[in-house]
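Below, in structure tokens: the form predicted alone, a single chain.
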Amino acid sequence: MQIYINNLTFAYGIKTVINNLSITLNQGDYLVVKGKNGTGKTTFIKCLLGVNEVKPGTIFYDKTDITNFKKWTTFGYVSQSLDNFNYEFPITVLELLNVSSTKGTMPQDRLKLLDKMKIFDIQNQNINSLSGGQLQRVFIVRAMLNNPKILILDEPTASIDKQNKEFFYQTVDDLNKNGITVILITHSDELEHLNYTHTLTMYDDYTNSFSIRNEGGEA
């Protein structure tokens, strides 16, 4: 699915947070969105997901204006540090995935994803007992349940250790190689371990810079 953004501007009241942003992503691209905290990265994601209402003619999915777009199951989303989730809720990994699945998702699909994420053996554990790395993998599985075409990850490694970060990034690379468009939000400038194709840098003054990576670096 192609993402086409045309002069997107978004403001909270009189405060402009995104200013004249234009980018195009094709199916299978890997976009890294970077910048300091408070530069509009999460606001950008909320615009993409339809949480923030945008003007008609600014965001298109396969030529469909976002204001008329209905196929939201084509998106998988892992939120920032999973901070909106109640970790104390008494539910197992498999129970969480069961209630998160849409109609038509088979039990074996959930098990295959757990195995792919190397967390098959924790399927019956309470989510409150998991490490940060394990929990992050569970939420990637949840995001992948409906075979999304686009996977959005908002600061996904903020609460996990170095070893789990390396595994996580390798997993994301593998998903991208299988044709899934990846949009990864980060505040880090250390990108050498990521196999991204595009970058979007967001600045304190709410301007932005979009570039395409090639063999010689970023263009």
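All residue numbers are counted from 1 along the displayed sequence. Nothing here was measured: the structure is a model prediction, and the numbers come from that model.
Below, we refer to the form predicted together with a small molecule, which is not included among the displayed structures.
Contact annotation for the candidate site: 164, 167 and 193 all lie away from the small molecule in the predicted complex (no heavy atom within 4.5 Å). In the predicted complex, none of the heavy atoms of residue 23 sits within 4.5 Å of a heavy atom of the small molecule. For the chain shown alone, residue 156 is not a contact residue for the small molecule in the predicted complex, no non-hydrogen atom being within 4.5 angstroms. The small molecule is not shown here, but in the predicted complex it comes within 4.5 Å of a heavy atom of residue 43.
Although the partner is absent here, residue 37 sits close enough that one of its heavy atoms falls within 4.5 Å of the small molecule in the predicted complex.
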